[in-house]
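Form predicted on its own, single chain, as structure tokens, below.
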Amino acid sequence: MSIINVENLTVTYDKIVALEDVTFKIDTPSINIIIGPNGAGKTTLLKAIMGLVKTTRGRIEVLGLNPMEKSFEVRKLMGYIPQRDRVMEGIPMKVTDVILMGIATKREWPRIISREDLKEAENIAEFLGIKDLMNKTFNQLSGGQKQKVLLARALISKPKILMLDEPFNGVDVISQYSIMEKLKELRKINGTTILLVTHDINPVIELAENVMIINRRVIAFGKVHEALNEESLSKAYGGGRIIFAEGKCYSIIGDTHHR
């Protein structure tokens, strides 16, 4: 059984095609980086996999489940950090409560929080190095600290699949590196499958096991050295270069931010 299987997926918004005939499969736990130009459908793809947007045609299976028919069950298997998440910006929520939302939202009513849940929140916070922030107010944190809290919220339910949409926006370089190291640990220790959308692949290139280049359709999907080349960048962005320096691969493309 595949972890994620997408076949001929098409999604339209008011007759505008966001995704067209998207097909790909993820069979083993892996870290998958998704890039593409503005309006390429990257966020739409994540939402379709979770059953959050209506598909026009095609088929999606997540661990054998159809997210359009079993949306709640599928989302229980996932952790998700949406782009520009505004967690209760007008409400002074404590970090502990934000993290616990990751459990509460995946339960039927009444959503009772147990001592075991609180202990798990502490464990996740310690894993991410933010245990000292537990009693602070979320809105008082720095960008990097907030993103780690949101990652803790996504991880507390021990998801099989982790979906991250532009997780490094507004995050300092040190925090980016710290988060990437923890993602590597999750992949190695828990066998978590990760889908990470980013507008700049260069900082996360060493994190990637697979790269997907998308522009409404899948231009390329596979190992970094297979998918990331000047031909695929040209098809997606209208141009682009690949540079190898000191054993590392860097891509140069025209866009500065891609949704």
Ligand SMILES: Nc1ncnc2c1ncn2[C@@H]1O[C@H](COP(=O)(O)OP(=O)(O)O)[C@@H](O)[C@H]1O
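Residue positions are given as counts along the sequence shown, with the first one as 1. The structure presented is a predicted model; accordingly, all values stated were derived computationally and were not measured. In this text, rigid core is short for the largest set of C-alphas that superpose within 1.5 Å between two forms.
Not on display, but discussed next: the form predicted together with this ligand.
Pick from G58, G51, P29, P37: which has a non-hydrogen atom within 4.5 Å of this ligand in the predicted bound form?
Exactly one residue meets the criterion: P37.
With this ligand left out of view, which of T43, S232, T192, N210 would have a heavy atom within 4.5 Å of it in the predicted bound form?
When this ligand is considered in the predicted bound form, the option within 4.5 Å is T43.
Heavy atoms within 4.5 Å of this ligand in the predicted bound form: which of the stretches 62-70, 200-208, 221-229, 43-51 has them?
Comparing against this ligand in the predicted bound form, the contact stretch is 43-51.
Heavy atom within 4.5 Å of this ligand in the predicted bound form: which residues of 189-207 qualify?
If the 4.5 Å heavy-atom criterion is applied to this ligand in the predicted bound form, 189-207 yields nothing.
If the two forms are fitted on the core, does E209 show a Cα displacement reaching 2 angstroms between the shown form and the other one?
Not so; E209 is displaced by less than 2 Å.
For D200, state whether the C-alpha moves by 2 Å or more between the shown form and the other one after rigid core superposition.
Superposed on the core, D200 moves its C-alpha 2 Å or more between the shown form and the other one.
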